[in-house]
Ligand SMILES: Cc1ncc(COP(=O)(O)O)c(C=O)c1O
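This document opens with one chain alone, in structure tokens, the form predicted alone.
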């Protein structure tokens, strides 16, 4: 393999850029002697609520648990159905399967690759209880339209915003049209800790205590328990996230700038399709995804030139081995989703990527493109 010239992630560079702040934050936690459910976590939750403009933030161990716990807190049970998409990380559906709820997959929008809102209603049945749109790659789904459908059919809405922390719609923000917003803080996310983490954001008072109980063995008071789980966000992770939260808009702006560079440098490319941006939306480019039938050829070509490009969600959830996991449902017919998953390639994009880096990557893509004819 060629020497890596442009890696896919910039984690180490991000640490070095704010090393003094990160080191102090971690040192303060270690010296405090409190490593779970302490002052860092409480302060982070308050700061997240302020940033999101929502009443409640609850730190958890993962975005998976965030989805799972909200479903439980809203009363979903075995035999119910949720509606979502299949071209995303497995956890979106997994959270439902964990409690015996069936995820019903809707085809994707041909431009945004988010859920096609025009196809939601045909999937609604008496068992449907919730809509779970995913803000794929950092671009929000059409939440006003989704909320209108939910209101008509009396359904809950929770947003999977694991890829979209800091994104926004045209005149609206995440959380304006839903019962809860769920996110992941795993390292690769735009706002990521150095391990596993997640959170729930909500304006609903009624689901806060159930989620607080679920994350800590059913307890909100020492030594008093109900059945629950262990899903606490560690203090070190909370401290790291507090440092990064101060820079999240800067990080996202840098991603947008690099996406603009890619759009500029890749203008005229023939054998891949560039990402679509919904006008007026703040797409924060967790991933910059191009699509093409010769995806594997391009990936190998870039690798030979020291550029790491990855396939994100190349196997749709409904195509995973073992689907539908014993629930007895027929395999969905989702040709656009399957075509999309088979053609995606994520180019490197992160705040520390320079315009020169983007030019180097784009030049390699254009070189490959010319060879394809």
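As the structure is a computational prediction, the values presented were derived from the model and not from experiment. Residue numbers count along the first chain shown, from 1.
Not pictured, yet referred to below: the form predicted in complex with the named molecule.
Note on the interface: of 263-271, 179-187, 73-81, 289-297, the segment with non-hydrogen atoms within 4.5 angstroms of the named molecule in the predicted complex is 179-187. Although the partner is absent from this view, residue 67 contacts the named molecule in the predicted complex, with a non-hydrogen atom inside 4.5 angstroms. Contact check for residue 107: every heavy atom lies farther than 4.5 Å from the named molecule in the predicted complex. Using a 4.5 angstroms threshold between heavy atoms, residue 57 stays clear of the named molecule in the predicted complex.
Among residues of the shown chain, residue 235 is not one whose heavy atoms approach the named molecule to within 4.5 Å in the predicted complex. Within 4.5 Å of the named molecule in the predicted complex, a heavy atom is found for none of 22, 193 and 248.
The listed set 163, 102, 112, 252 contains one residue whose heavy atoms approach the named molecule in the predicted complex to within 4.5 Å, identified as 163. The partner is absent here; in the predicted complex, the one residue of 302, 158, 241, 91 having a heavy atom within 4.5 Å of the named molecule is 91.
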